[in-house]
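Here we start with a single chain on its own, the form predicted on its own, put down as structure tokens.
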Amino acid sequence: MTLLRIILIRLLTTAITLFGVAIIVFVVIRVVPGNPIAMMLPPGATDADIARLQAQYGFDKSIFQQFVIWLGNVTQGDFGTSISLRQPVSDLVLGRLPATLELSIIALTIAVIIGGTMALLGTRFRDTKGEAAVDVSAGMALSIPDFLWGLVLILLFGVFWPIFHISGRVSPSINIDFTTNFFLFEALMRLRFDVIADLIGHMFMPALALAIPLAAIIAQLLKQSLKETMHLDYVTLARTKGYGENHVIAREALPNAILPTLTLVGVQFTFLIGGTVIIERLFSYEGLGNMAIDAVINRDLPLIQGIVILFALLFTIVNLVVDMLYVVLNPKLRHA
């Protein structure tokens, strides 16, 4: 099966997945009790006012008719208008998406650094107290959810030792005149070190809270893969050539042991994006997750639909990229 055919099949399954998600989300949020139109009207609104707004947002039609109309608009890039914010859903979602992506990427980077270091240390000091310490640390990191880590970090670095910001994305005093909402990456391109420092000061604690449980998962899987690889023939041959243990682990074992971890990192990255919902709320971070909670509280159906569809799209795209990278990096699959 050629790489192009694999990509086409995955794109087809992606379209089917998104269609199924759209149906489920559209139906579920409409059968939940509560009238979003009632939240938009003052206490003295008449039945005529309610009927007018229901017709404006299409709620006077059946669920099937609403879905057909909504799906037709989505294919043209129109996700509707937010009930609570009175703005196009696509503008709101795309405006908040860069903040969430930056936070997720920083969190993933921290998780890979911490998890990879723990795995290498555990392998280097295998069958000793050093490996046991790594295993205990990974177990503790994994047993505590990310929002509790967030509370711990707020107490440590926001209250007792206030060196990081505990809320927001950027300080009001910082002048942001960028052309995109990817503030961190654009600041890096423009060498705006004042903006970079402020953004990192706001982003570090929520990113670290997200990264700690993921780092534990990476450490456990990569260490296990390394331990299995250390008994293979080519690793033994490297030892007989006189290479040191650090060289054997880093140069011989790691390149092959890292492939299963790559798949895990890709899958966990999608969960990491979804996990930003609570963390963004905890740190008042102006991202997509924080907006999702507001949309649920206000029963903003168009905005909820747009956010969920975007999360599903990101999930499928990341999985597709990871699958393709695995095929490219794995010689067996590539030659097959």
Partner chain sequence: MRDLRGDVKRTLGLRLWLSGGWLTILALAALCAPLLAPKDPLMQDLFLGRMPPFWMDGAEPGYLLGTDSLGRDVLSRILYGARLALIVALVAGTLTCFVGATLGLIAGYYRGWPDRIISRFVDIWMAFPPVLFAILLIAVMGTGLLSIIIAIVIIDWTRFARVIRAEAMTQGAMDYVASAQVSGQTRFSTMLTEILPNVLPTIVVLLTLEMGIAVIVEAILSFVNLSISTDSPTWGGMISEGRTSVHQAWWVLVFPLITLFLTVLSFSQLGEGLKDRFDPVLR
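Numbering follows the first chain given and starts at 1. Keep in mind it's a predicted model, so treat the numbers as computed, not measured.
Below: the form predicted together with the partner chain, not depicted.
- This chain is drawn without the partner chain; in the predicted bound form, the residue among 182, 204, 149, 243 with a heavy atom within 4.5 Å of it is 149.
- Checked against the partner chain in the predicted bound form, the residues 113, 133, 159, 189 give one hit for a heavy atom within 4.5 Å, which is 159.
- Of the candidate stretches 206 to 214, 166 to 174, 255 to 263, 234 to 242, only 166 to 174 contains residues with a heavy atom within 4.5 Å of the partner chain in the predicted bound form.
- Each of 25, 292 and 299 comes within 4.5 Å of the partner chain in the predicted bound form, counting any heavy atom.
- Within 4.5 Å of some heavy atom of the partner chain in the predicted bound form lies at least one heavy atom of residue 140.
- Taking the partner from elsewhere, residue 269 is found to have every heavy atom lying beyond 4.5 Å of the partner chain in the predicted bound form.
- The partner chain in the predicted bound form is approached by residue 155, whose closest heavy atom lies within 4.5 angstroms of it.
- The partner chain in the predicted bound form is approached by residue 145, whose closest heavy atom lies within 4.5 angstroms of it.
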